[in-house]
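Take a look at this single chain in structure tokens; it is the form predicted alone.
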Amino acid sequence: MPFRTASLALAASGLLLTGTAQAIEYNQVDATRSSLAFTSKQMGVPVPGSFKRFNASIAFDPARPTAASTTLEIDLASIDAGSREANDEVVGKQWFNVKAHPTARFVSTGVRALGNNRFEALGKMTVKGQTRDVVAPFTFKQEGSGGVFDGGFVLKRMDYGIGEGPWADVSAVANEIEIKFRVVANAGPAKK
């Protein structure tokens, strides 16, 4: 009898531990190691830039990528377009109009696994009050207790009214802007 009682107690303990175990997901963004950059083309010449301030929230379990979610909010006034003159110009009304629209926002609607640690984040991008569907391919790499998400997509600035008036001429400033992101996140207990 004692052997049977002890066996039942161990089995019950095992079930309890299994039932209370939490999935680990990457959900604690390390803003100091994350980055958001872009490359535009002016007169055919690539011009790099970046955004210095943005907030990202992420929930990614490599074992369940289709359950992943992310939200990215970009402080458009934090742009570094290569010079003070360019920075002053692009925050103005014809470009980002940061007085009326201080942030851009991406909210994921789903994630597709492509194999070999490659994925696509599907979502909605809102800039200057215009919302468009975006597909952002990315890779995931585990580094110690953290994970690194590297990816990018092409944003068509005219879809969002970025560069109006004389700047609408896409022969001077190309319509396509290449966006590159790196998000570093630490693992933590899955959020409910």
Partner chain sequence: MPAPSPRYTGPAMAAHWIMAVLILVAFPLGVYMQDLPLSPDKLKLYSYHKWIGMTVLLLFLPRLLWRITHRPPAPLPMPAWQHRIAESTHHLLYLLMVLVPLSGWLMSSAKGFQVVYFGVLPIPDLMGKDQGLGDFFLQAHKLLNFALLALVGLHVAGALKHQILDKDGTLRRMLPFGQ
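Note that the structure is a prediction, hence the values are computed from the model and not measured. Residue numbers count along the first chain shown, from 1.
What comes next is about the form predicted together with its partner chain, which does not appear here.
Visitor: State the residue from V134, A59, V47, A56 whose non-hydrogen atoms include one within 4.5 Å of its partner chain in the predicted complex.
Guide: Comparing distances to its partner chain in the predicted complex, the residue within 4.5 Å is V47.
Visitor: Could you tell me if P166 has a non-hydrogen atom within 4.5 Å of its partner chain in the predicted complex?
Guide: P166 belongs to the contact set for its partner chain.
Visitor: Report yes if any heavy atom of Q130 sits within 4.5 Å of a heavy atom of its partner chain in the predicted complex; otherwise report no.
Guide: Flag for Q130 set to no.
Visitor: Mark S83 yes when one of its heavy atoms lies within 4.5 Å of a heavy atom of its partner chain in the predicted complex, and no otherwise.
Guide: Yes.
Visitor: May I ask you to check whether D75 falls inside a 4.5 Å heavy atom distance of its partner chain in the predicted complex?
Guide: Looking in the predicted complex, residue contacts with its partner chain do not include D75, since no heavy atom lies within 4.5 Å.
Visitor: Select, from the options 142-150, 122-130, 36-44, 60-68, the stretch whose residues sit within 4.5 angstroms of its partner chain in the predicted complex by heavy atom distance.
Guide: Single hit among the candidates: 36-44.
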